[in-house]
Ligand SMILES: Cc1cc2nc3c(=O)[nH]c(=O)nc-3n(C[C@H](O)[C@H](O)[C@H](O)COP(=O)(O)OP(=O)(O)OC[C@H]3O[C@@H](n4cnc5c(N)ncnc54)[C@H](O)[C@@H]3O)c2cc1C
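For reference, the chain that follows is the form predicted alone, supplied as C-alpha cells.
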C-alpha cells in the first residue's frame, strides 16, 4: 500500500483522538518534555459525541470550572412503576464543548501540537512495533512517524479502538456494547437530573434528562441491542415528561461504549490505549470521564519515559497496565458485577429495588453512589444490611463486589 509522503518531522509521541483521554495524555506527555502530536478526526475539539457529561465534582479543577453548567443537588429516579427523589451533592453537569476545549488549551500550553480533521486510518508497524500512523482525509494523506502511539480514539466507529482492531485483530463484542443517542433540546424546563430505568425503552441501560442551563436540557438514552435514535424518539414521544413537553431538539449525538471489561492488556509494542479505546468504562452507569482523564495522564507520562529510555516494548509498557488497574480495575469490576445482576427480570428488579430504597435515605444515597461508582465499599456494605437488596443482586454478587473494591 502507498502510505503517502514521509513527514520531515518526527515526534516522540502521537496521540490519536482529541477527547478527554487523548488531551490528558498529550498534556502529560508534553509537560514531561516529549515532542507530542495529537490527531483529531473531527473538525473541532469538543462535543463530538456528547454535548454534556454528568461528572463527579472532583473531576473539575479551577482551570476547568468555566465548563460547569449546573451543580446537581437532586435526583429523580423512575422505575417502571415507582419513583424516588433523592437529595444530596451529586456532582456537576459539564458542557463538553467547553470542557474539551479547555483541556486542549492546557495540552497546547504544555507544548503539544494539535491537528484537526486528521482521521487515522492505519498504524505504521516496523519490526513488530507500532512506529507511526497513516492519516487520510479526502485528497490529503500523511505518514507520520514517532517513538510510540497512544490510542485514545474511543470506541465509536470504524476509525476507533485501533489497538484492538489493528494490533489485536479483533473487535468489541456487540453483546457487550452499550449504544446511546442524545439530544440537546431547547424550550425545556428540566432541573437537576432525572433518570428512567425501563427495559421497554432502554434494556440494561437508562434514559436521562439533565438541566443544561436556562431553557435547555439534555435528553439521552443508553441500552443494549437497541436502535438508540429510534428508542430516544419513542421515549420522548410516548412518555409524558413535563420537563420536555414543549422541548425541541437542536443538536443530536450518537455513541457506543464497551462495557464487557477493559482490554487485556491495554498495551503492545509501541502503543498504549486509554479511555474508551481501552474499555475503561463503568458498566452500570456508563461513566468514563474520570478514568479517561486519569488513565490518559498515566499513559502520557509512561510513554515519555519509555521513549527516553529507548524501550517501548509491550513488556516495558506493562507498567501502565499495572498502574491504572491498581487504581481503577476494582471499581470497573464492581460496575460489571452490578450491571450483570440486571440481565434477567430488569423491570421487576428495578421496581423491587425502588421499594427497598423507599424511606431509607442512607440506602438511597448508597444506591446513587453505587450507580456512579463512588464510595463503593461503603455503599456495598450498606446493601448487605438489606435482605430485599440482597435478593435483587444476590449476596455472592455483593461480596464479590466488595472484594473487588479492595484489589
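Computed from a predicted structure; not experimentally measured. Numbering follows the first chain given and starts at 1.
As for the form predicted in complex with the named molecule, it is not shown, yet the points below apply to it.
A.B. asks: So in the model of the complex, is the named molecule close enough to residue 334 to count as touching (4.5 Å, heavy atoms)?
C.D. replies: Taking the distances in the model of the complex, the answer for residue 334 is no, it never comes within 4.5 Å of the named molecule.
A.B. asks: Although the partner isn't part of this model, could you tell me whether residue 369 comes within 4.5 Å of the named molecule in the model of the complex, counting any heavy atom of the residue?
C.D. replies: Close contact is absent here: in the model of the complex, residue 369 is far from the named molecule, nothing within 4.5 Å, heavy atoms only.
A.B. asks: Using the partner position in the model of the complex, report whether residue 156 sits within 4.5 Å of the named molecule, counting heavy atoms only.
C.D. replies: The answer is yes: residue 156 has a heavy atom within 4.5 Å of the named molecule.
A.B. asks: Does any part of residue 14 reach within 4.5 Å of the named molecule in the model of the complex? Heavy atoms only, please.
C.D. replies: Judged by the heavy-atom cut-off of 4.5 Å, residue 14 is well away from the named molecule in the model of the complex.
A.B. asks: Quick one: which of 378-386, 37-45, 334-342, 360-368 gets within 4.5 Å of the named molecule in the model of the complex, going by heavy atoms?
C.D. replies: Among the listed stretches, the partner-contacting one is 37-45.
A.B. asks: Check 130, 300 and 314: does every one of them have a heavy atom within 4.5 Å of the named molecule in the model of the complex?
C.D. replies: No, because 130, 300 and 314 lack any heavy atom that approaches the named molecule to within 4.5 Å in the model of the complex.
A.B. asks: What is the one choice in 320, 197, 210, 99 with a heavy atom within 4.5 Å of the named molecule in the model of the complex?
C.D. replies: It is 210.
A.B. asks: May I ask you to choose, among 241, 79, 269, 160, the residue with a heavy atom within 4.5 Å of the named molecule in the model of the complex?
C.D. replies: Partner contact (heavy atom, 4.5 Å) among the options: 160.
A.B. asks: Using the arrangement in the model of the complex, list in sequence order the residues of 328-364 with any heavy atom within 4.5 angstroms of the named molecule.
C.D. replies: Contacts from 328-364: none.
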